[in-house]
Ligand code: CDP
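What follows is a single chain, given as structure tokens, in the form predicted alone.
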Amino acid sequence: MPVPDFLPVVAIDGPAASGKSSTARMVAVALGFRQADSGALYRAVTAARIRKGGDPGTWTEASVLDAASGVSVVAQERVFGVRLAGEVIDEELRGPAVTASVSLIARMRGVRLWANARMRECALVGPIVVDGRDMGTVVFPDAVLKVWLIADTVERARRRSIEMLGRSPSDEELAREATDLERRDRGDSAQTQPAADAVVVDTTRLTQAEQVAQIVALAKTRLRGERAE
């Protein structure tokens, strides 16, 4: 697929629950870009395959790609929305069934190629902030800025628990979530790696406003440099 010589793309990646999507959304608003969330694509494909039934352990790549045919990406004012059979399914995307199987789906090479092609299509519409797997390494190797978000496991577990529970977790809930994140990190390690030229932003002790401001400042500096050349 042809892509512009200059890609007004900011790519944000990092391990599970590092705050990629929420940070990317706020960075996109600050820059006047759209956000494109590759994680939502993988979740939508997972939801589509779950709807077709069967034990996830028996899913084939071909059956997952067949289910993916019902997933579409729609350009909205500030984001690219994901639809399944034309429906908005945001709540379903974040449900436990999808969360339990999305890493399995994301390891399928054909699914990754499919998702990456959808993300490149988004970049042809206009300037974007993208977050998720492969963004700075495979999909947009010439992105103007690549950010690798990190935070320690306990902090990521705390943030994820608050998002899911709507309150601070108990010690037992926090430990359980941290264990789950460690499992996901092991499963995702082969696919989720920083680009060699990525800027690492450790958010463990940063507020979301602070990390967004840091990334926006970096992006504006890089964009000025690219446009001056």
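Note that residue numbering begins at 1 and tracks the sequence as displayed. This structure is a prediction, so every number in the text was calculated from the model and none was measured.
The protein also exists as the form predicted in complex with ligand CDP; that form is not presented, and the subsequent description refers to it.
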Exercise. Which pick from Ala106, Ile128, Val82, Ala143 sits with a heavy atom within 4.5 Å of ligand CDP in the model of the complex?
Worked result: Ala106
Problem set entry | Partner contact for Ala123 in the model of the complex: ligand CDP, 4.5 angstroms, heavy atom | no
Exercise. Closest heavy atom of Val71 to ligand CDP in the model of the complex, within 4.5 Å or not?
Worked result: no
For this session: Using the partner position in the model of the complex, report whether Met135 sits within 4.5 Å of ligand CDP, counting heavy atoms only.
Result: yes
For this session: May I ask you to state whether Arg43 is within 4.5 Å of ligand CDP in the model of the complex, using heavy atom distances?
Result: yes
Exercise. Looking in the model of the complex, is ligand CDP within 4.5 angstroms of a heavy atom from every one of Arg34, Asp197 and Arg222?
Worked result: no
For this session: At a 4.5 angstroms cut-off on non-hydrogen atoms, which residues of 147 to 171 are near ligand CDP in the model of the complex? List them in order.
Result: Arg159, Arg160, Glu163
